[in-house]
Ligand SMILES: Cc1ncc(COP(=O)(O)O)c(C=O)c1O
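As a starting point, one isolated chain is supplied in C-alpha cells, in the form predicted alone.
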Amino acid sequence: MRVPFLDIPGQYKEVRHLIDPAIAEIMETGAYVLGKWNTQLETELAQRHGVKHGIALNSGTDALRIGMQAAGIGPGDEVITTAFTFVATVETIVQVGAVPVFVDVIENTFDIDPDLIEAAITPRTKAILPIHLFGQLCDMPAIMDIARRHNLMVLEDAAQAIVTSQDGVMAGGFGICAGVSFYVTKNLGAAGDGGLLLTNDDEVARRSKSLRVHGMGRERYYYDEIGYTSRMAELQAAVLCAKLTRLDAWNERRAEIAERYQAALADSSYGIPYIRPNNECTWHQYTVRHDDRDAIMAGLKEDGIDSAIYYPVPLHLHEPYAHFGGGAGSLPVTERVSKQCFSLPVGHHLSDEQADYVIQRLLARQSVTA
C-alpha cells in the first residue's frame, strides 16, 4: 500500500470550484495586489483568532520579522526561544539585529520549557518567543506569567498553529503579535508562499502595514521607515480564502487520524506526542520518537510509507548560529529528540485503511535493530 505524506493537489481538487473563478476574476480585473481577497483573508482570520488585526504578508518568515520590528525588537535586544524549530524563527531574530538566547524544550511536546526561561533572563532580555510546534500551543499561562513579572514582551511563532487554541484562546491572542505561515505544506497552505501577522496592538498593526510596503505611510511615496516588499499576491489570498472554507473539516480529519495513532501506539516503544488537557491541537505534524529512528524510517520507505524529520539538527549546532549557543551538550533534550523524532502522514487525505497500515508497519518495525 502507498501512503504519501501529503496530497497537495487533492486539496485543490476539493476547492477548485472556488479557486478557478476567483483567479479568472483577478486576472481579468488586473487587481493583483492588496485587493478584496487580501481584505477577506485578513478579516476572517483575525475574527477566527479573536484579535483586532490580521496583516497579510508574503511569507511566514516576514510575519515574524516584521512583527518583531513593529514591536520594537532591535539591535542588542535578547529574545529567548528554542533551537528546535525551523530556521526562520531564529534567522529573523538575527536579521532585526537582536540576539537569540536558547533554552531547552520539553521532551514529549517539543516546545519551550517554561521552567528554564527565568534562568536565561538578563538585563538585555526584551522578549520571549515561544514556538507553537506541530499544531499545539506552548504552556502560555506559565510563559505569560514570567513575561509579566519581568516586564517582557511575548511574540508567538504560530507558523504551524493556524486556528489552534488553549483554554479557548487562539494563537495570537496571548502575546503582542504572532506570525502565521501559509507555506504549501501547512494545514492552510497557499499555492506558494504566504504569511499573516496577528495582533491586538494598534501600533504594531500600523507599523506592520507600513513595513510590508517599503515603510510607506498613509501618503503614497512618502516613507516613515525602512521597510520591505512583503505584500501578499491576490492570487494567493484567493486560494487561501477558498481553502479556509474546508479548514475545519480538514483539521477534524487530522485529529481522527492522530487519535487512531495515539491509541494504537500508546503501549509501544515509540514516544508519542503529549497534548495538554487545555489544548486543542490541530496536528500540523504527528511526530513520534524512537532510538532506532533511521532504521525504522528506512523500513517504512520499503513499505511504501512516507515519513519526514522535523528537525534533524538543532539550530545551535548550525554554523551560522553556533556562536549564539553553548555548543553540543548545552541543550540535552533538544539534541536528544532531534536524533529520535520523525513525523508520520497525518493529512486529511488519508483513509482509515492507510492509517491502520502505518500503525501495523510501525508496530512490526519497532524492534527492527533489536
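Since the structure is predicted, the reported quantities are computational estimates derived from the model, not experimental observations. Residue numbers here begin at 1 and follow the sequence given.
FYI, the form predicted together with this ligand isn't displayed, but the following is about it.
- For residue 237, no non-hydrogen atom is located within 4.5 Å of this ligand in the predicted complex, even though that partner is not displayed.
- Heavy atoms of residue 181 reach within 4.5 Å of this ligand in the predicted complex, making it an interface residue.
- Residue contact check for residue 131: one or more of its heavy atoms lie within 4.5 Å of this ligand in the predicted complex.
- Among residues of the shown chain, residue 159 is one whose heavy atoms approach this ligand to within 4.5 Å in the predicted complex.
- Across the options 59 to 67, 334 to 342, 321 to 329, 23 to 31, residues that bring heavy atoms within 4.5 Å of this ligand in the predicted complex belong to 59 to 67.
- Within 4.5 Å of this ligand in the predicted complex, a heavy atom is found for all three of 88, 186 and 194.
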